[in-house]
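First comes one chain, alone, set out as structure tokens in the form predicted on its own.
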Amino acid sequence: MQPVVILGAAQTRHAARRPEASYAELAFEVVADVLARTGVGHDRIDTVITASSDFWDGRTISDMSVQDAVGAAGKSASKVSMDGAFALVYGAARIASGAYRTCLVVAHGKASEGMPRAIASAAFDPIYERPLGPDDRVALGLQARRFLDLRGLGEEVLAEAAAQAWTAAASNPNAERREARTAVQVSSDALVADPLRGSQLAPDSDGACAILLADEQTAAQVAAASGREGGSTTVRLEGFGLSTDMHGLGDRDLGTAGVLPRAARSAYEQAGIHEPGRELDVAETYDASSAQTLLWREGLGLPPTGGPAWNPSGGAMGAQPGFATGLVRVAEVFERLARGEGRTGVAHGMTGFVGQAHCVWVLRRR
């Protein structure tokens, strides 16, 4: 298996509405950006993997709407109808197999053109759950309440976690939420799904993200062509783990991290990490609520305080652009490591209600 290098990453400015851009235009925006950043032309892209959803895009074969925009015409291309972090597994596997030298992974989301709660309700079991009328936020509320009760915690911890996310996102130029808020301000919001308030839930955002992968030889060639051969920074994908839990909400304990620890252990073992709290420099997670902010920290085996820089971008609480959300987490870790702000980081993506499936990536700068 060949090592896989991230050549570059790009993401849009995420917003509650991007009416000036279609799905394809959002995808084109990030692809053009990542190619400009890396100096790689379309002719050097061997294969393309996209992440999108027929339900969320409101059309069948959703990847067809972005094929031209991402430059997939005439190339081997495929789609993952899951979070972009899982699409990265597909892309990295293609490089690691030796069958391809470069792979472009692109994910997008445009919640403003749909009805997020109604779309989310379609994922529930049609016989026993869907007739009750729940949606994704109802499920997040159930998870948050179980999380608190299981640990004997008060609702103030949710407000504090949300306030930290808002403050971090305020300095992130790509985040939808760009306003720092205190725990008191967060606690004054109306309840949306008890015990969660509006500011304690990730926003529905429009946006996209692209990551360009390559094998080490190609990465060295790209660096040499750009004049960076002597002092270039290489960020490699060192390990990953993914795992899927039971589908039904009543079939798993929502107050625990579920199968996330299993996915994290796999990623850590591949990367040779034994003490994640000490060896990791940055962690980015897909936290759809402030309860998940705390819960996924546990699941990744990190201490409640200290340890790596935690969601310095604001995490998904700053912006949640559909299936691009997990890929954005990888991009955020990559960009931080590429700037020399640490050597090793972990990025987390998820798919399904309240963390049904998890994907964990370890990145390392060399």
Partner chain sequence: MDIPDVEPVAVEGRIRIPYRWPAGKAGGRFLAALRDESRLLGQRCPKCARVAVPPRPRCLSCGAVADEWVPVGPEGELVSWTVARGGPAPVAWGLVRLDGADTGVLHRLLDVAPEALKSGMRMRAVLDGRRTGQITDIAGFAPAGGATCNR
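Residue numbers count along the first chain shown, from 1. Fair warning: this is a prediction, and the values are worked out from it, not measured in the lab.
As for the form predicted in complex with its partner chain, it is not shown, yet the points below apply to it.
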Ok, A73, A118, V184, L132: which has a heavy atom sitting within 4.5 Å of its partner chain in the predicted complex?
-> L132
With the partner omitted here, the residue among P173, P126, G227, G154 that in the predicted complex has a heavy atom within 4.5 Å of its partner chain is P126
Triple contact flag D189, I273 and R343 to its partner chain in the predicted complex, non-hydrogen atom at 4.5 angstroms = no
Decide whether R177 counts as a contact residue for its partner chain in the predicted complex under a heavy atom distance cut-off of 4.5 Å.
-> no
Looking in the predicted complex, any heavy atom of A257 within 4.5 Å of its partner chain?
-> no
Quick one: is G198 in contact with its partner chain in the predicted complex, heavy atoms, 4.5 Å cut-off?
-> no
Heavy atoms within 4.5 Å of its partner chain in the predicted complex: does G277 have any?
-> no
Tell me, please, which stretch of 291 to 299, 207 to 215, 87 to 95, 242 to 250 lies within 4.5 angstroms of its partner chain in the predicted complex when heavy atoms are compared?
-> 242 to 250
May I ask you to list the residues of 20 to 38 that have any heavy atom within 4.5 angstroms of its partner chain in the predicted complex, in sequence order?
-> E20
